[in-house]
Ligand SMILES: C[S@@+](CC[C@H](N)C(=O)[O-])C[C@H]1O[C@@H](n2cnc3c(N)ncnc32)[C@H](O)[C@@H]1O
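Let's start with one chain on its own, the form predicted on its own, as structure tokens.
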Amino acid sequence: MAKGRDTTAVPPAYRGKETSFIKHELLKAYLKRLFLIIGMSAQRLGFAELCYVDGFAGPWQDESDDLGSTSIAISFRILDECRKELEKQNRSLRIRALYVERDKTAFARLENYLREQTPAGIDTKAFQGDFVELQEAVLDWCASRGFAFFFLDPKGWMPVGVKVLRPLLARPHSEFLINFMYDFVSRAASMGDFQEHMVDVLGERVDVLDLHGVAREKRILGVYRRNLKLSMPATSRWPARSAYVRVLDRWKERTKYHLVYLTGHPHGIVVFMEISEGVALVQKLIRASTKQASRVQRTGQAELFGAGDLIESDGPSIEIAEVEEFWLGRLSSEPTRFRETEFADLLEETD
């Protein structure tokens, strides 16, 4: 323990797949906040049920019986906690979960797990097959009386392309957390043979041959997010909104993927960004711990400070000059009231 911070960055089940731990920490924290917020207001909003959809469920890289390091087990725990909390608050509504998996072996484990481990009061269902091909069946399962949260974490990048997801994105009263495999997309974007695929993935043709580093990343991710939002239902009150968490390779200073979030409400952006701060700290701790372990193994020398102390040297995620420039562009001689909508605008614009 260094400065009161746990330096055991990753539970044993996640050793070797640390980036999955970051992803699952975000899912765990946000899904609970989301379903409790929606559940408490379900009657006023006209929702009879809460639906959770895992489009690429697995299980993968976890041979344990409890599947503790999978999104399946995590969702079970969160949905069960939400159901119990909502019941305490006299909020009675149905909670359902759908898991889709193509691989036959993984699906057999999934079905067995659902049969033996589904918490009381939660309705679960498993579909075997390709999520892209099953979208119509998924939408039928969701029906129209409930709020739906889609967790889309495929092994590749084509299944979460804008063109593929348009039928799902058009569903009202839905939110999405999508694993956008930027590392793969960025490399493919420069290859002539993949240009038509890039149009399907990003929603339009994007020329990034002369862009590198941060500029290239912002361009690709910005186009992808914009076209995802354009595919979501437009309402007179709230536009579609997007935020993201950048997940780095645990060894290199390079983006591995982005967890792209989509919502139709400003409060969603505020809550997601609040939670992402905690996840950013987890990611810094994991990277510091990984690098420290590598140094110790290479030198054979233990280090005086724990990984929790070393993350302080990472510095702020944004330059103070950028903050000053942003606010100077918005201040005037007249008072301006920043409500939640304006704050969500600020967060989305500046990431």
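Residue positions are given as counts along the sequence shown, with the first one as 1. Not measured: the values here are computed from a predicted model.
The form predicted in complex with the named molecule exists for this protein as well; it is not shown, and the discussion that follows is about that form.
K.L.:
Answer with one of D130, D249, E111, E85: the residue that has a non-hydrogen atom within 4.5 Å of the named molecule in the predicted complex.
P.N.:
Of the candidates D130, D249, E111, E85, D130 is the one lying within 4.5 Å of the named molecule in the predicted complex.
K.L.:
Of the options Y182, Y244, F151, F76, which one has a non-hydrogen atom that comes within 4.5 Å of the named molecule in the predicted complex?
P.N.:
After the contact test, the surviving option is F151.
K.L.:
Residues in which of 266 to 274, 112 to 120, 98 to 106, 216 to 224 have heavy atoms within 4.5 Å of the named molecule in the predicted complex?
P.N.:
Partner-contacting stretch among the options: 98 to 106.
K.L.:
Report yes if any heavy atom of G58 sits within 4.5 Å of a heavy atom of the named molecule in the predicted complex; otherwise report no.
P.N.:
Close contact exists here: in the predicted complex, G58 approaches the named molecule to within 4.5 Å, heavy atoms only.
K.L.:
Please determine whether K155 contacts the named molecule in the predicted complex, using a 4.5 Å cut-off between heavy atoms.
P.N.:
K155 belongs to the contact set for the named molecule.
K.L.:
I'd like to know if S71 sits close to the named molecule in the predicted complex, meaning any non-hydrogen atom pair within 4.5 angstroms.
P.N.:
The answer is yes: S71 has a heavy atom within 4.5 Å of the named molecule.
K.L.:
Quick one: which residues from 24 to 47 get a non-hydrogen atom within 4.5 Å of the named molecule in the predicted complex?
P.N.:
Result: H24 alone.
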